[in-house]
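We begin with a single chain expressed as structure tokens, specifically the form predicted alone.
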Amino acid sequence: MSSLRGGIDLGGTKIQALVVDGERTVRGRARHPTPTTGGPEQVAEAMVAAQQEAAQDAGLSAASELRGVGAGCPGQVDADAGTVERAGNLPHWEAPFPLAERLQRGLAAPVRLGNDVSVATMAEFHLGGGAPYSSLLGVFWGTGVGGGIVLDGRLWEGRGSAGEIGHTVIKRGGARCPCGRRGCLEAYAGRKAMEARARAKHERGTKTELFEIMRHRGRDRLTSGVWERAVDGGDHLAHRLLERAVRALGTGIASAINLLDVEAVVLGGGLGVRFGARYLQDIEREMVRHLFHDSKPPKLFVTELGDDGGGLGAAMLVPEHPQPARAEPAGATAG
């Protein structure tokens, strides 16, 4: 059986698919935009197309030649049932959707699901900058703000919703979050919330080149690349909104550190990869302001795996060796 495994990182803006060998080296990759309409079925179709393209990039005729495929997904993931629900940053995705079965049917390969940020955090812990530490907080700054927690070398999932740093409250009664609540970190730092605020400001007369850049680049939303182009061009609104996001990130990370006291924090995600090096010191400065033990801050660093982290972590969901068939207990009968 092939040692090659697939890994799909499903984000609010893009779908990144990889093919990884037994040494966890990337052999093929593809990137498709995440659909903004059509609901889970259309998103699943795009995931299948991205993984098929990555398989061909790796020299395979089809994804069916892979040992298996892992998929890291936002929202509430039930890995045992193979379903995803309440993926608020994806189109019309509230009810449980049988994503594993749909992907398996399209790819003709076994599929396993995991939370997108949790698998990316584990990839960073095993393969990236988190390797020297026994505890790690992953903060993934993108369409939303997701988190993953590693304690004593093991992923901490709680009752299934651990790591939702984006929905910790940093300002009581504050800005409206895409989740519907107020004051969440994501309401200030998530790309979707930042875009909504930029649109509202622009409609009220605030000058900005954000939407002109978006149209010129053929985009239908303010991607991380659009934000970067606007900031580099001296756009005041883009700069102010990013500074607001940076302050919020530092505050939210500090609260998590005060509770968990982990050794290190990795910053990833689309905006994190794009702006991490530029704003890391500012995030750290804001974080330290709110730490109870400000003389012992954690190590804060930008992901070493870049955009590949989510796909690598998803591929790690696939067992390295075939799983033996489970024997029926004595006396059991089919029926």
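Since the structure is predicted, the reported quantities are computational estimates derived from the model, not experimental observations. In this text, residue numbers run from 1 along the sequence as written.
The form predicted in complex with another copy of the chain exists for this protein as well; it is not shown, and the discussion that follows is about that form.
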query: Contact flag, residue 212 vs another copy of the chain in the model of the complex, heavy atom cut 4.5 Å; finding: no
query: Contact flag, residue 142 vs another copy of the chain in the model of the complex, heavy atom cut 4.5 Å; finding: no
query: Contact of residue 224 with another copy of the chain in the model of the complex (heavy atom, 4.5 Å); finding: no
query: Residue 165 within 4.5 Å of another copy of the chain in the model of the complex, heavy atoms; finding: yes
query: Every residue of 78, 112 and 126 near another copy of the chain in the model of the complex, heavy atom within 4.5 Å; finding: no
query: Listed residue (256, 198, 175, 231) with a non-hydrogen atom within 4.5 angstroms of another copy of the chain in the model of the complex; finding: 256
query: Proximity to another copy of the chain in the model of the complex, single hit among 132, 205, 218, 158 (heavy atom within 4.5 Å); finding: 158
query: Candidate stretches 116-124, 149-157, 94-102, 231-239, one within 4.5 Å of another copy of the chain in the model of the complex by heavy atom; finding: 149-157
query: Contacts with another copy of the chain in the model of the complex - residues in 259-293 whose heavy atoms fall within 4.5 Å; finding: 259, 260, 261, 262, 263, 286, 289, 290, 291, 292, 293
